[in-house]
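Next up is one chain by itself, shown in structure tokens, the form predicted on its own.
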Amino acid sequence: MKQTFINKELKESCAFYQHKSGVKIYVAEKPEYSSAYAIFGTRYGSIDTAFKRREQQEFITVPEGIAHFLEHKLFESEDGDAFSRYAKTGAMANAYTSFDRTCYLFSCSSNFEESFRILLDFVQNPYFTEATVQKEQGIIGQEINMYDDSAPWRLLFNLLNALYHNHPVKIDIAGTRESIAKINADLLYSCYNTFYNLNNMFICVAGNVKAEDVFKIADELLRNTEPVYIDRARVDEPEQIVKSKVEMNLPVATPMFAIGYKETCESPTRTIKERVCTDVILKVLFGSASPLYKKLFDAALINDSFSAEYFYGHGYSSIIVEGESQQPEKVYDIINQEIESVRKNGIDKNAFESAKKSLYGSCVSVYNSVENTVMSMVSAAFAEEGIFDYTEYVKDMTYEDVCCRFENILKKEFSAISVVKSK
């Protein structure tokens, strides 16, 4: 099935192809650009540690960090590695594993078709041996050591461990040295054959390409396989947090803080309405034009690193506010005072309108970059939404929607602060 989605107001379009293999393919043609960007991704991340195929009776539990480990190993083949192949086309290749997805990508200014063929080839052809797995355990062990010394990384995971009792989102994406020591070739193949089924995957491309050329190569290289339906184990996560504060000493020029507000998840996914309304609230409360930002900045309590995001995935969601400050606990107190003040007096309607326009402007500006266009497509594909659905909801949301959403989030009793500072 092939379709073209058009947003006349944005003057943007996206070609869509539901391939017979099950993979969903999205292509945004941008002939005015000289480059192209492509991602081949799967709905598989670090939180997927307990799962089963639907036809299986029992859930299996795999070592922490195996999704990230698999991402590293997939670049290798019996004849070499994908990076060497990309070097011949001139493309820049990379990959990343997050909490809920793994993506393989490249960008190029020429030889797109050759680079795209490499992407589809190596992602579909795993090659794992016990010898190469043991070698990778040493490499990723060094990477884990590096993360242990990374202040931003520890800041985040210390916060997640303060917020979450049981959900695997609190586990380091790379796992631990002990957990990756349990990984072997058979486990990698088991995870690959479950989560890298094309029915669980997506391809997003934007730039100086032709959609029909992309679809033609996909028809040639994508393999038809029986779909795999995956059940993820339900996590019993209490409403309460673990503890309200965690502090660590690492060499940093200015103390860093991350404040998290845990949200109770009655369903495993967040609706587009929840996401859009939350993003507007974050702009109203924490944006650079907000009274709170001005108050903290004028008092030299924060600098321009101050930001807020809606952090969510399968079975978890939190609002995280982070930055640098010589007095992080004071920032935490002032933020909570401001939240309660707005809760008591209501969200300012002018601030709402301004935030709504700002968010819509951010949605429009996404399409000025092929990389950002692809990332936007990936988010839509992952959520199984239309490419322009988020932008359309921003335009249509109401003040009442946002006020209703505000009542259910940013509660002090479900919050915690993580601080990293020098001794």
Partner chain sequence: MDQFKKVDLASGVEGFSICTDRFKTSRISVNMFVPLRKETVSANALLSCLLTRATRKYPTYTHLNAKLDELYGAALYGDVAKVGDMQMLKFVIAVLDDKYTLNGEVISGDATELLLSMIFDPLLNDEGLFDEKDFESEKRLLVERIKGEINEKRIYAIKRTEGEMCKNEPYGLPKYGTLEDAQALTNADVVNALKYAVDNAFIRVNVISESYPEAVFQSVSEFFKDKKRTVTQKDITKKHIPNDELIQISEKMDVTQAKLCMGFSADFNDDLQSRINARVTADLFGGGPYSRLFKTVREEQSLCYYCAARINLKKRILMVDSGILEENKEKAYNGILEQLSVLQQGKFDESELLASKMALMDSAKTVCDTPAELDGWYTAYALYDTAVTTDEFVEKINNVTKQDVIDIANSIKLDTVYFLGSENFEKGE
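Residue numbers count along the first chain shown, from 1. Keep in mind that this is a model prediction, so the values were computed, not measured.
Another form exists, predicted together with its partner chain; not displayed. Remarks below refer to it.
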Which of these stretches, 197 to 205, 179 to 187, 298 to 306, 314 to 322, has heavy atoms within 4.5 Å of its partner chain in the predicted bound form?
298 to 306
Listed residue that, although its partner chain is not shown, lies within 4.5 Å of it in the predicted bound form (heavy atoms), from S110, S244, N336, S98:
S110
F128, F215 and Y393 each touching its partner chain in the predicted bound form (heavy atom, 4.5 Å):
no
I'd like to know if V364 sits close to its partner chain in the predicted bound form, meaning any non-hydrogen atom pair within 4.5 angstroms.
yes
Any non-hydrogen atom of E400 within 4.5 angstroms of its partner chain in the predicted bound form:
no
Do K170 and its partner chain come within 4.5 Å of each other in the predicted bound form, heavy atoms counted?
no
With the partner left out here, check for me: in the predicted bound form, does some heavy atom of Q56 sit within 4.5 Å of its partner chain?
no
Near its partner chain in the predicted bound form, with a heavy atom at 4.5 Å or closer, the residues from 336 to 359 are S354, K357, S358
